[in-house]
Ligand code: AQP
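Quick setup: one chain, the form predicted on its own, written in structure tokens, and binding and motion questions come after.
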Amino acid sequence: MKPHLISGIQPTGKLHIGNYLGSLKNFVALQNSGKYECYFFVADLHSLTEDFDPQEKPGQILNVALDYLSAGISPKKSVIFQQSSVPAHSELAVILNNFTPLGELRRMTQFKDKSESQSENVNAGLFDYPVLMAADILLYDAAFVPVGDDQVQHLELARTLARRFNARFGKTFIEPKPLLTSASRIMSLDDPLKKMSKSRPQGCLFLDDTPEEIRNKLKRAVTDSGREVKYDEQSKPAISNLLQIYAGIINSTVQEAESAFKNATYVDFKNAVAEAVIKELTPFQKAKKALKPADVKKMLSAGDKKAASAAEKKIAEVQKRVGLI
């Protein structure tokens, strides 16, 4: 029996190249490796921690599902589902809250960072985000979770909660292990000191951008002093970011990308990055245009049922362990 693997993406707007290199491309590779039984979900409950328009949310949820399929995640190989359609996620989070000391949540650096970036909306859901994430993982007996550096602390909490629950109530949960993604954190094109974010559209390369939009955005992308295309995050953060994008797109190392452009001008280099991105995204965009929303919703519904079948067994076991049934 293959070990379970799980991950999700929040529906908070259009996905960008950072999401593609950091998550989507990796999800497809993990699925196609044949090593895991994969669960990929639309993390709509998590997305409620940010300001949102309820009229836009259904479309955002559908768009993430479309992006999953367009990138190559297949419902024949993986379970694709919507988080809120499986009530066991919320129920397990409520139960796990009772075994999560406040001090552990206060230490979460991502809560501190997000509290600064959305200072007018520091809510309990944001504070409790890691517990719901732990529930997402533990509910499916996930042995592995693909994560970036910014999520390692949350995954460690999930491991801690699994150990704590098992020690008190008997072996119930698997302690999940991280699968660290090789993709570097992609920064904004207009400010390489800030992470690429949907909230800064002028600095984003969206997966749905046209070739002309991609070329124009990269043409306007800020550069560093000097003329050398060199990877140096301290003195050349802008060029280093573009090298990371290029290397991630063509599946090379940053050092190989740097060597390929050692005699290039900034203009030639940015043009090459643009063409590489366009070449990579063209089949993705064609696949997305060919998908029918009604078919995608039907696929999600089928995935919801598969996920719920597994989740309901685990939540029943948890309820029995803690004496609720």
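Only a predicted model underlies this, so the values are computations on that prediction, with no experimental measurement involved. Numbering starts at 1 and runs along the sequence shown.
The same protein also has a form predicted in complex with adenosine-5'-tetraphosphate, omitted here; what follows describes it.
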Is adenosine-5'-tetraphosphate in the predicted bound form near all of L69, L291 and S301, within 4.5 Å of a heavy atom of each?
no
E280, heavy atom within 4.5 angstroms of adenosine-5'-tetraphosphate in the predicted bound form
no
Closest heavy atom of L218 to adenosine-5'-tetraphosphate in the predicted bound form, within 4.5 Å or not?
no
Interface membership of M196, adenosine-5'-tetraphosphate in the predicted bound form, 4.5 Å heavy atom rule
yes
Partner proximity in the predicted bound form: I239 to adenosine-5'-tetraphosphate, non-hydrogen atom cutoff 4.5 Å:
no
Identify which of R164, R107, K230, R185 has a heavy atom within 4.5 Å of adenosine-5'-tetraphosphate in the predicted bound form; exactly one of them does.
R185
Name the residue from I174, V147, L207, A247 that puts a heavy atom within 4.5 Å of adenosine-5'-tetraphosphate in the predicted bound form.
V147
Okay, which stretch from 230-238, 188-196, 99-107, 249-257 lines adenosine-5'-tetraphosphate in the predicted bound form, with non-hydrogen atoms inside 4.5 Å?
188-196
Contact check, 9-28 vs adenosine-5'-tetraphosphate in the predicted bound form, heavy atom within 4.5 Å, ordered by sequence, gives I9, Q10, T12, H16, G18, N19, G22, S23
